[in-house]
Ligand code: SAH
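Next up: a single chain in structure tokens, the form predicted on its own.
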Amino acid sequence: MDITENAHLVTAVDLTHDGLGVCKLDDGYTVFVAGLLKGERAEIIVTERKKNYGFGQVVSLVERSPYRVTPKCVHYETCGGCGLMHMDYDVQLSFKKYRIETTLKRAGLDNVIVQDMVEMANPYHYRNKIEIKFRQGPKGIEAGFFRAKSHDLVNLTECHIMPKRLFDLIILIKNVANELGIRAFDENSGEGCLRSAVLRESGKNKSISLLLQMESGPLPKQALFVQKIIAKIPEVVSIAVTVTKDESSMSQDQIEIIQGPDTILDAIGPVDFEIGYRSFFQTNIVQTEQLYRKVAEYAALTGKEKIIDAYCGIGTIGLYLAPKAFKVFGIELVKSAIQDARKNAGRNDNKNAFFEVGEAEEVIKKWQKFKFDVLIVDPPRKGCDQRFLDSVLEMKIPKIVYVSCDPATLIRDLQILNAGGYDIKEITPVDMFPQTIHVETVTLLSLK
């Protein structure tokens, strides 16, 4: 049977928050279709049906949008990394702003000003930290990212969001591992040792750190592996291994340094940072500087302000603002991040920056009797804890600058703060992750 017998001719009338084309069948049934731009007509088949909506796949594109571009990457269709690479960059920016505006409107906050996106001059090769998965293939080790919503690995032959030197290192790791007989771990057979690798490149001096995450140790022919890596790519200044089943940055498993220091040096504007293997650090330094300039603009510091930097990580925002503030108090749950923050405060001679370990909602309670002028929040994707927001509303801090990586949880929290007495002055979105659906925002709120 020809596939077109089951095909439907549709027009994409809108885009979902994750960039899927919204289409209606003749009977009014809604189908979401990957890779279809607003206004495009296509023959599609329905690949999954639910009660009120389904998902579809393009069979043939009948009418193309003038804003469609050919994706640079050969892996675009299979790799889950760059969902908007088929979209002209200016349209990507408009789409991300539109996402924020529509989410605000649904939340009853449609009077909030959303500024134009802060765009990136070169929206490629920006991501300075990459986590690569390994798999043992028929011709040796393969390395890459998982397909969207799966654990099926795409063996990369190119990548346009990571720096070129990091991609060179991935190819080199595969070649050296194959040469030395080092195998990727296989869940089914239990053979092999390599699970994944975390690669990070400094924007300041282009030095590279490499963490190999393993099922078991030690790394076979370790000294020879290190020698061969450094001989080909001398920018690799630090190499470490960890035996772990938790490959996230929250892992507590021991890291063994096998070459060089345990940190690399990077900078945001004039502020230097030592970054450990599991430290959170913004992955797009060019846009981070734009983001932090906007935070500083919204904070409008005179040198007299006492600031709380909640969810502070290794202290990047707080230390960036510290020279313009009276005192900065950072809160972070991860102990190693606070150790890094204190170390970085000393490195930059910030004697007015102080950092405390703990849950933001617990630590801020201890500070409720003190008067603060500005609250900076940069929470994880899940947003702020309700108890934290309750404490903030009790403290009546005059100004809040909210940095968010998820419009949905941002707007949920803005509703709470708005209902509790804060005006939402404006939102500035920053394109930290070009070619992807993700968007970072900075929001200014002031106490009514």
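In case it trips you up, residue 1 is the first one in the sequence shown, and so on. None of the values given here were measured: they were computed from a predicted structure.
What comes next is about the form predicted in complex with this ligand, which is not displayed.
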Should V334 be classed as touching this ligand in the predicted bound form when contacts are defined as heavy atoms within 4.5 Å?
-> yes
Give a yes/no on whether Y311 approaches this ligand to within 4.5 Å in the predicted bound form, heavy atoms considered.
-> yes
4.5 Å heavy atom contact, D378 to this ligand in the predicted bound form | yes
Might D152 be said to contact this ligand in the predicted bound form, defining contact as any heavy atom within 4.5 Å?
-> no
Which of 87-95, 239-247, 314-322, 125-133 lies within 4.5 Å of this ligand in the predicted bound form, heavy atoms considered? The stretch 314-322
Which one of E187, D262, E359, D253 is close to this ligand in the predicted bound form, taking close to mean a heavy atom within 4.5 Å?
-> E359
If we test each of S209, Q282, Q213, N350 for a heavy atom within 4.5 Å of this ligand in the predicted bound form, the one that passes is Q282
Who in 120-146 is close to this ligand in the predicted bound form, meaning a heavy atom within 4.5 Å?
-> none
